[in-house]
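In structure tokens, the next block holds one chain alone, the form predicted alone.
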């Protein structure tokens, strides 16, 4: 996999606090959730990545280039949306994106086309001539993501991109980001909304107290951090002996009745879903759905942070 970002024994020493050494990479086509408590080093990592600050030791490579020595070229295909963006209140979204487009080198014909498309992509077409100062917090957040997508970039670095976005907008942005990656892009997303990370991202980089405590797939992290996992089984009917049979499946430690099905606790590292599904289908109960309980990332994250000494 082509590496888009590389941290190589990277350290930032603030005197009173040290971030690093950090060693990890991000490959093309990934959607990486950058997680960690406040003050853990996430913002420092983003600044290092974008060449906004210089590492004390080690190095960072962006698109195969040093973002400090080759700043313009390294960031040519990078879009960045900061947390709580402070945009020019006197401009309109259309004017702001036109300015952004000119700064990234778009010609007039392509510029007009991309401004129109990007406003549509983020759901701001109806507000293109409003003053930014009159827009809601959620609308400003949409515009921040829009300016990051001008160019277009091949890497998006998003710091809390869903802040202030309404539920319909969140669903829309998920689709937008997935389409961006399916077209060959890469996303690094810092967020405290773990449910969004679990829904959207396919891997994690977790930083705690300036140290990298995990880098890899979400599923692997959950399996590693949790001693047991919960499986929700939704059924149409409840045959008398089915619950007892499920309790006997290897890997299952407990199974209880819920209003619409069963809640099954399984040892981490085991995956009894296939066997459970066979039993349900064979019993004629009518399997409506089966899957791990949502919110596991929250539990795994808290367990990992506690286990790393906080």
Partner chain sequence: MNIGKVRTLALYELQRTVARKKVLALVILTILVDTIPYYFLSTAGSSSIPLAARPYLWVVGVFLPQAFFLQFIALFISAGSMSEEYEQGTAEILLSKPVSRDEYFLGKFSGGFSLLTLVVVLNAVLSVASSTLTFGPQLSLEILPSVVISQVFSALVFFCAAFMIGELVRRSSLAYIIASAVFFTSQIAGIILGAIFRLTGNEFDHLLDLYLPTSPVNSLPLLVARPSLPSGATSVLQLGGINAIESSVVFSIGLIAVYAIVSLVITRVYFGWADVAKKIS
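As the structure is a computational prediction, the values presented were derived from the model and not from experiment. Residue numbers count along the first chain shown, from 1.
Only in words, not in the display: the form predicted in complex with the partner chain, which the text now covers.
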item: Contact of residue 72 with the partner chain in the predicted complex (heavy atom, 4.5 Å); value: yes
item: 4.5 Å heavy atom contact, residue 110 and the partner chain in the predicted complex; value: no
item: is_contact(residue 88, the partner chain) in the predicted complex, heavy atom dist at most 4.5 Å; value: yes
item: 4.5 angstroms heavy atom contact with the partner chain in the predicted complex for residue 138; value: no
item: Stretch in contact, per heavy atom within 4.5 angstroms of the partner chain in the predicted complex, of 22-30, 276-284, 250-258, 43-51; value: 43-51
item: Check all three, 219, 226 and 246, heavy atom within 4.5 Å of the partner chain in the predicted complex; value: no
item: Contact assignment for the partner chain in the predicted complex, among 82, 164, 152, 239, heavy atom within 4.5 Å; value: 82
item: Residue among 104, 230, 176, 170 with a heavy atom within 4.5 Å of the partner chain in the predicted complex; value: 104
item: Contacts with the partner chain in the predicted complex, stretch 135-156 (heavy atom within 4.5 Å); value: 147, 148
